[in-house]
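In the block that follows, a single chain appears as structure tokens, in the form predicted alone.
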Amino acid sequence: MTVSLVEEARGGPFVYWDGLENACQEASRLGFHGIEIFAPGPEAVDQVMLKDLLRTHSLQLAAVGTGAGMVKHGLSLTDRDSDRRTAALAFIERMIDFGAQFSAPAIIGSMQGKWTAEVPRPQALSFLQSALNRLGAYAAARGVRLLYEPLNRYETNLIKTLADGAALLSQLETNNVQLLADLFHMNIEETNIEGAIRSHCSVIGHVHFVDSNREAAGRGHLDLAEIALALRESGYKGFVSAEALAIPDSHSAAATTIATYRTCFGP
């Protein structure tokens, strides 16, 4: 279950917004196995308190998002300005350090940026590849993976499908980067979601379990049972995380997600 601590992103696709203590209590009560944190930066989280909350509620930290680097600080790995790219790398490295304290991978989504007239696609992809090489190695040295998320066409014009993501990963010098398969983005960009999962499951390290309308799994039109079957039959063993809009409210979105999860994956 996703928890946002970034006020600038309020209303975005995160289930809980009212602090870690509330989120952990609810997640545990409903039967979730972990939480995924979207934070303004590592300094925004009291790590001692978080460790205590996770232990008390028998939860894991599934992943940490880095999107606040873009949303709050306006940073991206493909910025035309080298100093801004360096700042983006430094922000992500600090988030990797934070996640590594809990054996949790960091996610690169919106911070990948876009290509523009000033930064043509080949240059933007070169910047991105260089950043993933550096950050993948940085994460490996701390014993965690790095997750890269293809996004839909309205959020990036770089990598939009699992096939393109896998091709990008195959060109890296590091083997410590895996793909995040987000079902909302895949619903827009993939011609066949289950087929894409089966073809590229070996490089999928995390799944955002959400429906076609970015609401909780079970509130849209995706065939989630077939998607779950594709994940199970492909041998996927990682988290499926509820990155969904809190519609009609956080509790309802979380409860609907866990009910759908159990229907699709079992207890």
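So that there is no doubt, residue numbering starts at 1 and follows the sequence shown. This structure is a prediction, so every number in the text was calculated from the model and none was measured.
Unshown form predicted in complex with ligand LER; subsequent notes refer to it.
Colleague: Go through E173, E155, D164, D81 and name the one with a heavy atom inside 4.5 Å of ligand LER in the predicted complex.
Modeller: Here the answer is residue option E155.
Colleague: Taking ligand LER as it sits in the predicted complex, is S110 near enough to touch it, meaning that at least one heavy atom pair lies within 4.5 angstroms?
Modeller: Contact check for S110: yes, within 4.5 Å of ligand LER in the predicted complex.
Colleague: Using the partner position in the predicted complex, report whether H57 sits within 4.5 Å of ligand LER, counting heavy atoms only.
Modeller: No.
Colleague: Using heavy atoms and a 4.5 Å limit, would one call R214 a contact residue for ligand LER in the predicted complex?
Modeller: Yes, R214 is a contact residue.
Colleague: Taking ligand LER as it sits in the predicted complex, is L125 near enough to touch it, meaning that at least one heavy atom pair lies within 4.5 angstroms?
Modeller: No, L125 stays farther than 4.5 Å from ligand LER in the predicted complex.
Colleague: I need the one stretch from 144-152, 97-105, 72-80, 165-173 whose residues put non-hydrogen atoms within 4.5 angstroms of ligand LER in the predicted complex.
Modeller: After filtering at 4.5 Å, what remains is 144-152.
Colleague: Under the 4.5 Å heavy atom criterion, name the residues of 218-249 that approach ligand LER in the predicted complex, in sequence order.
Modeller: Heavy-atom contacts to ligand LER in the predicted complex: only E243.
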